[in-house]
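Only one chain is included here, represented as structure tokens and corresponding to the form predicted alone.
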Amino acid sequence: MAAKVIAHIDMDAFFAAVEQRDNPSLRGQPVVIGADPKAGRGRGVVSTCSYEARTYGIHSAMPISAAYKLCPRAAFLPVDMRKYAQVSDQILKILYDFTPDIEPVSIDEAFLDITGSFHFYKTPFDTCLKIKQRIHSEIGLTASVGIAPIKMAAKIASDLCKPDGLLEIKRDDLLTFLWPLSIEKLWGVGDKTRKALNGLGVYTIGDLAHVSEDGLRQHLGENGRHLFALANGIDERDVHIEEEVKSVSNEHTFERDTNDKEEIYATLLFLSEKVSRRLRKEQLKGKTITLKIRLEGFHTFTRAFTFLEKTNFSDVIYKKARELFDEFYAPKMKIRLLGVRVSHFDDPYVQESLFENKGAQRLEKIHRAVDTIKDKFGEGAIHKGPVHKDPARLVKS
């Protein structure tokens, strides 16, 4: 069998780059995409930022208030996910011209298996250079591309050659490339694992490759064996052509920490309706609902419940989310963030009912009618009552 050739495509500062493309006055300027900074008093975080903003120390997931303090003159823009998704689809169409074997990782990155197709462009390097050229000429954006015989190394290569880079790691050079790198470059090495490995005298991938595999398993369990394999250039994960949807969720961060039950319930209702609608768009039903609660001080808790039957009905999701919240809530608690997630779409041990419930059929029609209204007139066109505060207004970002 031919050795695998895997490419990792990663768009450069994707959201910010799209905004700079569409507004020439932003080019060369620090651009921050995320929540409204409100002159340094805003809540929420940075989604992404331009490379110009990164020179000020701004980075993804940073509190938006901190980003504002670092560079108040930056252009702070809201996330326009609809526009970014459209651009992402355009990029995917280009990628499919080069191979059918694509695993989208997120809206701005994907793995490609070009083992059986790169010969059309002579070499893997020429193939990925052509991909970059088409993305730039047709979409007006730049991408960084890593090429390697394994997924992990392709991902590391694209990261190391940013922005607008192209780096190929061949099989014979794989360990020479990996071993000098910090162990933090390996998938699965977070701060806790890094400290544990440092305690063993392991600082680079090469250090990790030369320690005892049994010793790693004693300290890190099965993850130790996995990391040992990666450090030695062994990564048998294929490019998955279709990624199964594991869950559907929505979250909201309040402008101010709140204990206003009316506001909390309205937000839970709105989140439940958003999740419900997304489930129907994906033609999914789930059995497990998870409520995420973040208190002041960033202490985060989750509470979950599994139904006997799958659902995508907003009233069912909302009722259980509210029950989970009421069971958790104590007087004087102040809520910073709420999230609602539905998962557990497939259960091999539970058979779906052979008889369709007529009441459920009617509810399905009602929900789809509401979906149609919202598709035509917007999210705020209709929502369930009685709710005295407009949940769409409460959670609008």
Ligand code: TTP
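Owing to the predicted nature of the structure, the values given are computational and were not obtained by experimental measurement. The numbering used is simple: start at 1 and walk along the sequence shown.
As for the form predicted in complex with the named molecule, it is not shown, yet the points below apply to it.
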property: Answer option from K162, K185, H136, R278, heavy atom within 4.5 Å of the named molecule in the predicted bound form; result: K162
property: Candidate from S343, S65, S60, Q29 lying within 4.5 Å of the named molecule in the predicted bound form - any heavy atom; result: S60
property: Contact stretch among 100-108, 294-302, 165-173, 227-235 - heavy atom within 4.5 Å of the named molecule in the predicted bound form; result: 100-108
property: Contact of D10 with the named molecule in the predicted bound form (heavy atom, 4.5 Å); result: yes
property: 4.5 Å heavy atom contact, K38 and the named molecule in the predicted bound form; result: no
property: 4.5 Å heavy atom contact, K334 and the named molecule in the predicted bound form; result: no
property: 4.5 Å heavy atom contact, K69 and the named molecule in the predicted bound form; result: no
property: Contact set, 44-64 vs the named molecule in the predicted bound form - heavy atom within 4.5 angstroms; result: S47, T48, Y51, R54, S60, A61
